[in-house]
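Take a look at this single chain in structure tokens; it is the form predicted on its own.
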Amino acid sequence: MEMQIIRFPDPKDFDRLLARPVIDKVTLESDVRKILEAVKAEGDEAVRRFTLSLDKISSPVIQIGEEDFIRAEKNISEELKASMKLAKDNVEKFHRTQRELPQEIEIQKGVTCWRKSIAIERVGLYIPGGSAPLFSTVLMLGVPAAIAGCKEIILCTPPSKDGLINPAILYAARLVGIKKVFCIGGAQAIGAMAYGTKTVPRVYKIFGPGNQYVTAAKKLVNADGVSIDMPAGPSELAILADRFCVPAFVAADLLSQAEHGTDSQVILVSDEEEIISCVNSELKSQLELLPRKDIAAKALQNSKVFLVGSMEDGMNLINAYAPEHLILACKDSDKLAEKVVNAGSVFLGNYSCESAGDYASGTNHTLPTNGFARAYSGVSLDSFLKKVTFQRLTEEGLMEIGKAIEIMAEAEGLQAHKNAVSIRLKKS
């Protein structure tokens, strides 16, 4: 399986050449909207009905009990527990550094302003649990939610074929202090968290990746007034590689993202034809050894290789693509990193594999995809906080700025705004 090679692309063709895989959004959103409307109207009954029809689970137990957490912990190896604790500690260390203390600023005499971070009270986390149960995402979302101080954190994840939740997901939830876990997947889970049911609390913001149905559901409930972490879609990776890269490493990184799903996309950008040839050779041999090789092979059909004239040309192409993940497998990776404008998370050098960020280096792996890195950041501590501004004006402070406020309010034709100042100045 070789990816399509495009040599020396013209910047005017970037939009066409860098297009992501397309899905039928009209039909998708119509189907998802029906699910959301049913959950909003019927609550738990609709959730159970969709779990039966879509997940083929006849008697779903929506909320997970204490005995399920205990059973899950017994089914997790000590080696995996230790690995998850290491990852949790690193994610915690990185996200704790993002805390800000309120700082009062005297703008001018008698006028003081400040900003305070306040946790979103109720948040909902969606964790995919199908062929690849993403228990690592529990850590990525649960840790900053706990640091932020969110009062209520609920988690929804789909049942496996036996009707149970993957034990690693439940163990990770308990590890980060999440107590309310619901066995619900797909668009119906997003609807339950967005609108609330008798069993599932309504939340104020929804986080987490998912398939195209989950993504569409998040966008629709967002339009209905429920906040979401970011627009997201299939996973993606771009690699900029020069002759100092290790082709086997590059191929392994490309495949690590390609195995996520058939609609994932990876791109390789290099100024060396020989590197491209070596990477393609490695892709063929490594692909054959993967349990999910059929998925990865289909993803590679959506993927491309670009031969460029220089590293500068390569960076221009990558910034136009705005990848979720970017690996700079180059000699001057630190210098090139300064030229990154659009990317969700960046990995520098031959040993900074994207898998490190997915699991245990400390950065968050919930990132903008589909070009949204042009305007969105990945999940951070700030994602779970509201920034509320405060101000305190003394009589002297209002005297200092009052005349300017009156003039500006009158110029906008807002007499009541002016009066709110004038009445105070007259009393002074």
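Here the structure is a predicted model, which means the values were calculated and not measured. Numbers follow the displayed sequence, beginning with 1.
Keep in mind that the form predicted together with a further copy of the same chain is missing from the display, and what follows is about it.
Exercise. Choose from 101-109, 183-191, 301-309, 210-218 the stretch whose residues reach within 4.5 Å of a further copy of the same chain in the predicted bound form, heavy atoms counted.
Key: Contact-bearing stretch, as computed: 101-109.
Quiz item: Any of the heavy atoms of Leu52 lying within 4.5 Å of a further copy of the same chain in the predicted bound form?
Solution: It does not: once a further copy of the same chain is placed as it appears in the predicted bound form, Leu52 has no heavy atom within 4.5 Å of it.
Exercise. Please check if Tyr359 has a heavy atom lying within 4.5 Å of any heavy atom of a further copy of the same chain in the predicted bound form.
Key: Yes.
Quiz item: Looking in the predicted bound form, any heavy atom of Arg424 within 4.5 Å of a further copy of the same chain?
Solution: Looking in the predicted bound form, residue contacts with a further copy of the same chain include Arg424, since a heavy atom lies within 4.5 Å.
Practice problem: Consider Ser270 of the chain shown here, and say whether it contacts a further copy of the same chain in the predicted bound form, taking contact as heavy atoms within 4.5 Å. | Solution: Outside the cut-off, so no.
Exercise. Counting non-hydrogen atoms within 4.5 angstroms of a further copy of the same chain in the predicted bound form, say which of Ser355, Asn280, Thr199, Thr262 makes the cut.
Key: The residue in contact is Ser355.
Quiz item: Which one of Gln391, Ser30, Gln63, Ser58 is close to a further copy of the same chain in the predicted bound form, taking close to mean a heavy atom within 4.5 Å?
Solution: It is Gln391 that has a heavy atom within 4.5 Å of the partner.
Exercise. For the stretch 61-94, return the residues whose heavy atoms include at least one within 4.5 Å of a further copy of the same chain in the predicted bound form, in the order they occur.
Key: Counting only heavy atoms within 4.5 Å of a further copy of the same chain in the predicted bound form, the contacting residues of 61-94 are Glu79, Leu80, Ser83, Met84, Leu86, Ala87, Asn90, Lys93, Phe94.
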